[in-house]
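Before any questions on binding or motion, here is one chain by itself as structure tokens, the form predicted on its own.
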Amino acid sequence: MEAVNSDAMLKGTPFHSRTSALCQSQNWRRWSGHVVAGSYELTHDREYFAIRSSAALIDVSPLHKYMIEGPDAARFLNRVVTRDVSGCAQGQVLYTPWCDEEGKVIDDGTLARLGEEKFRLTSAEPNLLWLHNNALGFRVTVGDVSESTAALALQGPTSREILRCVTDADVGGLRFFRSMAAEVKRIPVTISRTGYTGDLGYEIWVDSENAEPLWDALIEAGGPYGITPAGMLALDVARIEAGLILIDVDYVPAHRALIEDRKSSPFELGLGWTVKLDKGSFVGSTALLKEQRNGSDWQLRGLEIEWESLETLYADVGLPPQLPTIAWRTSVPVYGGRHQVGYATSGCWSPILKKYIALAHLHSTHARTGTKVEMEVTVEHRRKRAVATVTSTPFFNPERKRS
């Protein structure tokens, strides 16, 4: 999400009447043609800690949402995504990427089975034309419900208790990556135990016309539990801690990559677990099978930048370490000895882990956990290198997320 261009044709989400009244900072971001809060206060600190210690309410309505229905819905989706949709039960949610014929990732999102012949697919970018092109010959309809469906992410340790206050549905029994129909103060919703923070949390899907009363009900019930509206800056820190990738930041969508080197396969993005090659042919399966046999040149890994190394670089110029106040999204070279072995794509200071962390693409020869590398840092206008250790992700993985 980028800073808002006043000349751009941006629109508010169905929750804008509520979020705009609360956004004291006037820190707005652009997301899929919508304007959303970057932070509600002058800094995002309190919003971040709400995600990790109480509950945060995040407007995620700008996600693209597609309803796929028909007798061939499951068979069609099995043809276009990497997961095995045939084994997806009603009420189950799958996280999945989808690829081009060369096995390079186009986009990623969640796929919820809402009925025997009904699914909802979310994506970061528009995919309607691609879905329609691949639907030829299938008894299926693909509808864009992005504008008619609003969504809130309720994330954090107290999120379950807040939902219990507003619905009689068995949210306590809702398992990780499952969904159910419910009512919140008589408002029909779908609640899924999903999110982009790596914490205990839920996403609540509602018809746009009922967005405002849903927001009001959650804010009122969540008061005693520390509910706090949170924006994109807090979400960015949380998703990096959770090791979750972001399109156009941690990878370039295949159909928009100008050169081959910008494309990434699911194996290269740490998403090999989503690739089910034994389910039969799907878009990109031939290339992915070959890659699985031969191995991948790149691996997405975590980096922990060593504090002592960073401290030394700044001490040499008479300064304490300068840490980023918000998550950064840029390409930063990573070295192994005298040679560049990869690049970091996003990073932040983790307030809960008390570590400087980053996500990075590394040559497979340098991607083993525990390997020492160096990440470029700029100290008083000069390029330096700080020692970092290759780690697995997620960096933060609380038991409450799944329990």
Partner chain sequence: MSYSAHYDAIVIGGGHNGLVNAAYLARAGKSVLVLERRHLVGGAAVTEEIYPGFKYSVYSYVVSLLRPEIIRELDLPSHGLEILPLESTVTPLPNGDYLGRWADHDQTRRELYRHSAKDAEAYDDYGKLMYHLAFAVKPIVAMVPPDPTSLSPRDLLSLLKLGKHFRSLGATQFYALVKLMTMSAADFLDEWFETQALKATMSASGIIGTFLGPRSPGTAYVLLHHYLGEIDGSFRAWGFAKGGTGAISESIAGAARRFGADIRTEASVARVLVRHGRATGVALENGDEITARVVVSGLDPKRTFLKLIESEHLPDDFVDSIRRFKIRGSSGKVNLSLSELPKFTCLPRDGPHLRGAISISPSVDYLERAYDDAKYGNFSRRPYMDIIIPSMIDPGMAPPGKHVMSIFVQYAPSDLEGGWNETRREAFGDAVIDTLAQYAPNLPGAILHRQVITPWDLERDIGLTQGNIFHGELSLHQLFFLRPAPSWADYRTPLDNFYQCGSGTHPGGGISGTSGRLAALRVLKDWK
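For clarity, every value in this text was computed on a predicted model and none was experimentally measured. Positions refer to the first chain, counted from 1.
Keep in mind that the form predicted together with the partner chain is missing from the display, and what follows is about it.
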Proximity of Asp45 to the partner chain in the predicted complex, heavy atoms at 4.5 Å: yes
Ser54: touches the partner chain in the predicted complex, heavy atom cutoff 4.5 angstroms: yes
Find out whether any non-hydrogen atom of Trp298 is located within 4.5 angstroms of the partner chain in the predicted complex, and reply yes or no. no
Is there a non-hydrogen atom of Leu323 within 4.5 angstroms of a non-hydrogen atom of the partner chain in the predicted complex? yes
Want to guess which of 247-255, 189-197, 202-210, 324-332 is within 4.5 Å of the partner chain in the predicted complex, heavy atoms only? 324-332
Have a look at Asp170, Glu101, Glu308, Asp261 for me and say which one sits with a heavy atom within 4.5 Å of the partner chain in the predicted complex. Glu308
Answer option from Gly87, Gly143, Gly91, Gly226, heavy atom within 4.5 Å of the partner chain in the predicted complex: Gly226
Across 364-403, which residues bring a heavy atom to within 4.5 Å of the partner chain in the predicted complex? Arg400
